[in-house]
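The chain below stands alone and is given in structure tokens; this is the form predicted alone.
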């Protein structure tokens, strides 16, 4: 099974990244840091006669990487009770990919994947992060992606995730489930 971890955080070596490495060590997956890519926000042209224009950014390169893996892990800090911007923009653009003639089986191919979520927040994330888990689950359901599970960690400041033993243990358990 090929695993891809999509890191949504804008911070290098942050709490979410640390927890993601506990779940899926660097040598066991392809780690993709969305902050390092140019992904333009979506402009909705779904209902226009000309459709979506070509956008010259890194989105399709990321889509190709995603489609080349069996298991997708979406790791994001909880920003204002939602996912971080880079991950949101990446997912928003899937609407455009579904209409791209070069990806006629995009939705079908995603339906063969399994997804896991790793979230870290500072304001009661195991409670207040649940709407984000629900949102990600609904996105996966739309595409037919099976959801395998999630880990939510708590950390208010950089480096504090090391004190969340419950999340670290849950992340370690997730590794065995992925293999």
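Positions refer to the first chain, counted from 1. Computed from a predicted model, the values in this text were never measured in an experiment.
Keep in mind that the form predicted together with another copy of the chain is not shown, yet the notes after this line are about it.
- When another copy of the chain is considered in the model of the complex, only one residue from 65, 137, 28, 40 comes within 4.5 Å through any heavy atom, namely 137.
- Of the heavy atoms in residue 13, none are within 4.5 Å of another copy of the chain in the model of the complex.
- Another copy of the chain is not drawn, but in the model of the complex it has no heavy atom within 4.5 Å of residue 53.
- Put simply, residue 103 is far from another copy of the chain in the model of the complex: not one heavy atom of it is within 4.5 Å.
- For the chain shown alone, residue 57 is not a contact residue for another copy of the chain in the model of the complex, no non-hydrogen atom being within 4.5 angstroms.
- Residues 42, 43, 44, 46, 47 are the members of 32-68 with a non-hydrogen atom no more than 4.5 angstroms from another copy of the chain in the model of the complex.
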